[in-house]
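Presented as structure tokens, the chain that follows is alone, the form predicted on its own.
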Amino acid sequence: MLAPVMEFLRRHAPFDRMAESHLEFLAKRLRLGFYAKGEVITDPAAATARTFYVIKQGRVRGESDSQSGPAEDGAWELVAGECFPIGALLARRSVHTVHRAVEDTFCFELERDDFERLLAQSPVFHDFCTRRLANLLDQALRGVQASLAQEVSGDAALGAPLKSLVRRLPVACLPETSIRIALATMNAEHVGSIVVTDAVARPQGVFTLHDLLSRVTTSGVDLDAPIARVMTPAPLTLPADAPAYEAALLMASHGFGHVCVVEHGRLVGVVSERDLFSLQRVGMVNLSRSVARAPDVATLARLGRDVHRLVEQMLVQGASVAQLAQIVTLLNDRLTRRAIALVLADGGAPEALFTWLAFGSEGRLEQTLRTDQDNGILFTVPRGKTAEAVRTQWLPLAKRINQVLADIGFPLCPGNVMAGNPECCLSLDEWRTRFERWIDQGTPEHLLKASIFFDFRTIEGDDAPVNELRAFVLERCAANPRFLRQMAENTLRNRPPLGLVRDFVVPSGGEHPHTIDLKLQGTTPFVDGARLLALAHGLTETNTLARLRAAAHAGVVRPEEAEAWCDAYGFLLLLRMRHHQQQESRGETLDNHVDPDGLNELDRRVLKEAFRQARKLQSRLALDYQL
């Protein structure tokens, strides 16, 4: 009699990954309950929750209060395989939500004592209940990795600790060791580099074969000179328990091919790019170096396409979506810097110092494969000149840079938020005046611009005026509650498309029928909510995940709330990135519109939970601003 029950459970998370003995324990203790259409299953007015429900057949609507009649905007729907009310059972409290049968519904029911026994016995069930969204997201990411692994062979997982990649004892020498002896050691050990350490094994420098050519052979340095004379000082170091992803990002950022692995400051090994990426595939460090040395625009365009290949292989290796977005942004930053350098080398830079600014998703370090340009220039005004005169010098160069960026794969911004637009090429005083006007006046147009421009950061040039401008914006916003309330009203306009008759609300017609816009309806509520928290509480971060976690650290929101929002946002980014990859492989124009019926059951379930988290964030903001 247990077989049909266990077969049903195995089709749904988390039961599909539970040990057979734990699944049997659960199946033996489940009873089947029936609820007629419209019948209330749980109610906040009742006592402490005592039953765990798994929907077997039918649909259940969640509502924020017990009022009968049509559900309000805050309702959502649960379907077969979904569970409730986990939070109330864990906390041994009454439920906060009314659960009502939308149609005649059958539920498997488990008593709280047995629920708690299963929690203690099954690590899989415990992990699911205590970090439900994160657990589902882990499963979804593993599914993406498995589907891509058939095309891309994986190497070391980027989440693995660096110490797991250390294959041998480090080859090292003291600073006073002669170059000759160091080279002999490298030859005997068959390595291309040697770490220079002090007497207690703390890294002091690195010497490579490249250094041999550039600092010894061509300079006529005596081979009996100490290695300290020609080593590269202050080598890159990371602790042994740091994830491999951090080494990859550090090497790409600095253009080095090795990272020293240390424990308590002492050298325990060396990890190279070869340890992270096989030579047959796109290497992040080599790609970063190639971008920095690209001689022309055509080469940059080819390297830009390699970024897309890199994203695919890193998904297989286990990189999180947040990590991928940072890596894509880092490489796009390098492409932008090289484009600027090529244009200025050809046309000459004005004497005025400048900073190339990124806005929007690039400013937040959240770029996916579909990235329009959102950029600007902040320049200084030399003594004896006017801002208009400097702008006149910069605009032709800025327009050429914008066109080069378009040629290498960054489409021109439809809204003309680009450095070649005179309104985006301003002095510090002009930027300050413009931002002050938007905050003080707060027209709909100003609010829209603030949502783009206030996520600014430096790509190239002096960072000091950018930091000064950010401090000014945060101070003005915090002092203007009317502006913050207007921003909150805007944030609540993009409602997550959760439905009652079906899981999701989708349009029946238009340009993209029966689809969800993963950007406008998915990530935007989190981006806008995190921005509002940052502006209201003086948080300097521009990245959405960093803003949410900074808000938790500052005590603005509860840490568990922030992490749930981060998990939800991460899944939406994953879905967008995967959608873009699939479109690119089919030669289609990249967009953000996904048909939810084309998703598997797990992805639909996580997407629904992600949208619920967006609603929770919006509910929090509505309460804060009495909206």
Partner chain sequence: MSLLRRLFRPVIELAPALARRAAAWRALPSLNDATTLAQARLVVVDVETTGLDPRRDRLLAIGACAVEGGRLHTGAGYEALLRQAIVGARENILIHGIGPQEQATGAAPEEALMGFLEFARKDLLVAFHAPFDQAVLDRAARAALGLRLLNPFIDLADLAPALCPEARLPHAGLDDWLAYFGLRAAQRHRAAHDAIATGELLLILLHRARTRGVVSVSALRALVERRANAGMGGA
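Here the rigid core means the biggest group of C-alpha atoms that line up within 1.5 Å when the two forms are laid on top of each other. Positions refer to the first chain, counted from 1. These numbers come from a predicted model, not from an experiment.
A second form of this protein, the form predicted together with its partner chain, is not displayed here; the remarks below concern that form.
S.K.: How about residue 472 - does it come within 4.5 Å of its partner chain in the model of the complex, if we only consider non-hydrogen atoms?
M.R.: Judged by the heavy-atom cut-off of 4.5 Å, residue 472 is well away from its partner chain in the model of the complex.
S.K.: Mark residue 559 yes when one of its heavy atoms lies within 4.5 Å of a heavy atom of its partner chain in the model of the complex, and no otherwise.
M.R.: Looking in the model of the complex, residue contacts with its partner chain do not include residue 559, since no heavy atom lies within 4.5 Å.
S.K.: Although its partner chain is absent from this view, report whether residue 44 comes within 4.5 Å of it in the model of the complex, heavy atoms only.
M.R.: Contact check for residue 44: no, nothing within 4.5 Å of its partner chain in the model of the complex.
S.K.: Evaluate residue 57 for contact with its partner chain in the model of the complex, applying a 4.5 angstroms cut-off between non-hydrogen atoms, and reply yes or no.
M.R.: It does: once its partner chain is placed as it appears in the model of the complex, residue 57 has a heavy atom within 4.5 Å of it.
S.K.: Would you mind picking out the stretch of 229-237, 107-115, 162-170, 540-548 that comes within 4.5 angstroms of its partner chain in the model of the complex, counting non-hydrogen atoms?
M.R.: Checking each option against the 4.5 Å cut-off leaves 107-115.
S.K.: Counting any non-hydrogen atom inside 4.5 Å, which residue from 591, 563, 39, 584 sits next to its partner chain in the model of the complex?
M.R.: The residue in contact is 39.
S.K.: Just to make sure I understand: among 219-235, which residues lie within 4.5 Å of its partner chain in the model of the complex, judging by heavy atoms?
M.R.: Stretch hits: zero.
S.K.: For residue 56, state whether the C-alpha moves by 2 Å or more between the shown form and the other one after rigid core superposition.
M.R.: Passes the 2 Å threshold, so yes.
S.K.: Rigid core superposed, CA of residue 10 - does it shift 2 Å or more between the shown form and the other one?
M.R.: Shift at residue 10: 2 Å or more after core fit.
S.K.: Rigid core aligned, does the Cα position of residue 26 differ by 2 Å or more between the shown form and the other one?
M.R.: Indeed, residue 26 is displaced by 2 Å or more.
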